[in-house]
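Provided below as structure tokens are two forms of one protein chain, presented individually as structure 1 and structure 2.
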Structure 1
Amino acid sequence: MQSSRRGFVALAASSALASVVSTTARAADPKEHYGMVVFLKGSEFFNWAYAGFQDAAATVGATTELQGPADWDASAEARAVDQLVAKGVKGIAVTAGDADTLIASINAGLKAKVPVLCFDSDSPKSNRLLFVGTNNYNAGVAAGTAVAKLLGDKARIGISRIPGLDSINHRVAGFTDALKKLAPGAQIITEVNDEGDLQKAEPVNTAMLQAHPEINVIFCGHGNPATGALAATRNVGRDKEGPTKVYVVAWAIDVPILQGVEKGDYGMTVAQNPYMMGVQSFLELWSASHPTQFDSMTNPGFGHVPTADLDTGVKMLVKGDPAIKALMTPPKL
């Protein structure tokens, strides 16, 4: 009756697949192949990181690929790491959507003699070779210092964030500590949940400014809320220079936000260096997968890599900073 139905389905599916594959795939070659695993795949930030990874790989003639879920599902990342290990890549750089979720996969990769390191977001309890990325606490300190310099004891801060994320927790901790030290009179008033959604950030931040009119700084704990937070200041009419202005501290290097900083819309933005994370990640992986005549002290069987974290640092970008111009052209993938 429906004898060949399934056949058609599957045939059509695989032909659809094949057409995509043929347009974009590269045939396997003997070159060394490295993988990067991210969450929120496709976000500009990780595109920068991957660009660095790719560019660094090109210098030694290695190839790369990017894997991971488009949403915030660390378990999908863990599976992507498993996949790459099974595929036999020479090294994996992973940013941990959740520190603990990735432990098993990272350790399994190392056990299979594939060098694995973390970048951007760490999985400290795993055996990863090292962490390359912004030290979130330090970055928070930098942001806190900048805010303290800007408003001093008068700073009243609202935070827009996704609850519970480790990296954001560290940023907020650094931010708070810096303020405590430099401007003890400053206060953190409240936190709102923007659900990581650009669109959602506007209503919650607007409501926050209404509920707490004393707020004069919105500290964005991550990349997405900046646009919405800025719009929120407009909604309550507190975007213009003057005594009532609410300063938005963005945490992003997306082009529209950099443009906003140049125009003075945003108070400042915390610029991490994802490109360098990518470059450094590759170089360390390369090093780890090419053992020299002396065995690694800490990671027997692998090449030498530093044991301490590599802090790629942040820069607080304010209006007129020449670095903004350099970041305006997004990376080619």
Structure 2
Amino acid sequence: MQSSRRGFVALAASSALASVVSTTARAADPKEHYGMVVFLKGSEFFNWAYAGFQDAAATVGATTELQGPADWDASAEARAVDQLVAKGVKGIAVTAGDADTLIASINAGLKAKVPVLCFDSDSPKSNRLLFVGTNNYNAGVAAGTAVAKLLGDKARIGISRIPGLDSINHRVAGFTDALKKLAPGAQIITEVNDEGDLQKAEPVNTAMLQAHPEINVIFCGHGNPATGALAATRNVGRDKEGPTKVYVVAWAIDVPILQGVEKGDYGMTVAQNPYMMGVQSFLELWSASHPTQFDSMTNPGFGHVPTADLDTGVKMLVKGDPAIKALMTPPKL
């Protein structure tokens, strides 16, 4: 495992690492093949996730492949799941670009006796075996807590998000609840739809700041709008330290974002642990595809998987945090 990956693993629970080691006790059929499906192939975040998936698979001699559209397209993602099921893979980890769009494909995979779980972004109404990833509500609470400590009751927040994603809904809910508890005078002024588009994030956030000059925080509900939100603060001349600064709270671990945090451009970023999402997703798929005397309590015919979601946690990164250096070299796939 590369040193950069070891640095990310340091953010994970030690019990998860122990489970990686334990899998070496049983070797898989070398023909076993597993798939990961993402809604934005090529992103650094999902490269980290797939790196963890690959590393975990290597401990048992299994092979893997990464599928999914290069542009955000939940329908194309669903088709990728269908294709992997038809191919006869031993298990599929999928991050739902849209919670409802993936339901039919996930359920069809399970009906075909292919273990399917969700990671990063859930499809809770589907029959997926498990969700592995950030507890998005708790992560939102962490972000809201950080903003409350930074600005207290003076916080006036605009939110950049995409409607319809279960993960973002929970993040915003946690963020809002933390502010209500810790800074009851803080206000969420408005929300904008950035459509998950890097280019559209700048104009919609610029318009938001122009329409609501009282906003002093932009909370990014997902990974894409941070650079556009930062550009928007520059467009209205509110990117410098001082009483008029707008603090951008990113939700990403891309190298440009990490560099921006170190420079003080971003107020902070919410760092999820996609590498461990990949590790845990593979381990649970492997377990599900190998029934033992302890079969799944809720999904007969599959091996045992936890009955509760697995939370891979977050870390709020601010300028000077040593974890930033460890993340500066993303995996090359």
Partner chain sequence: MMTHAANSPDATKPTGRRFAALSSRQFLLVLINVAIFLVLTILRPDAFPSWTNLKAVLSLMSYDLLIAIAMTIVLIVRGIDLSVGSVLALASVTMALLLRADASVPVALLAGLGVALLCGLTNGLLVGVVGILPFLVTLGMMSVARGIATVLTTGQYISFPNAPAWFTLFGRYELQIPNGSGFYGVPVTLIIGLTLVVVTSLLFSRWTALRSFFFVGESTEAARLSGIKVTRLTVAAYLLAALFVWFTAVLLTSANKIGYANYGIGAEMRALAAAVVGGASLAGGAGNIFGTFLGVLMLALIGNGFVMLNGNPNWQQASVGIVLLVAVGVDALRTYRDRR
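Quantities reported herein were computed from a predicted structural model and do not represent experimental measurements. Along the sequence of structure 1, residues get numbers from 1 upward. The term rigid core refers to the maximal set of C-alpha atoms that superpose within 1.5 Å between the two forms.
Between the two chain copies, the one drawn from the form predicted together with the partner chain is structure 1. Put simply, the chain has two rigid parts that turn between structure 1 and structure 2, and the hinge between them is at 134, picked from 229, 118, 134, 68. A rigid-body turn of 11° separates the smaller part from the larger between structure 1 and structure 2. A C-alpha shift of 3.0 Å is found for residue 204 between structure 1 and structure 2, based on superposition of the rigid core.
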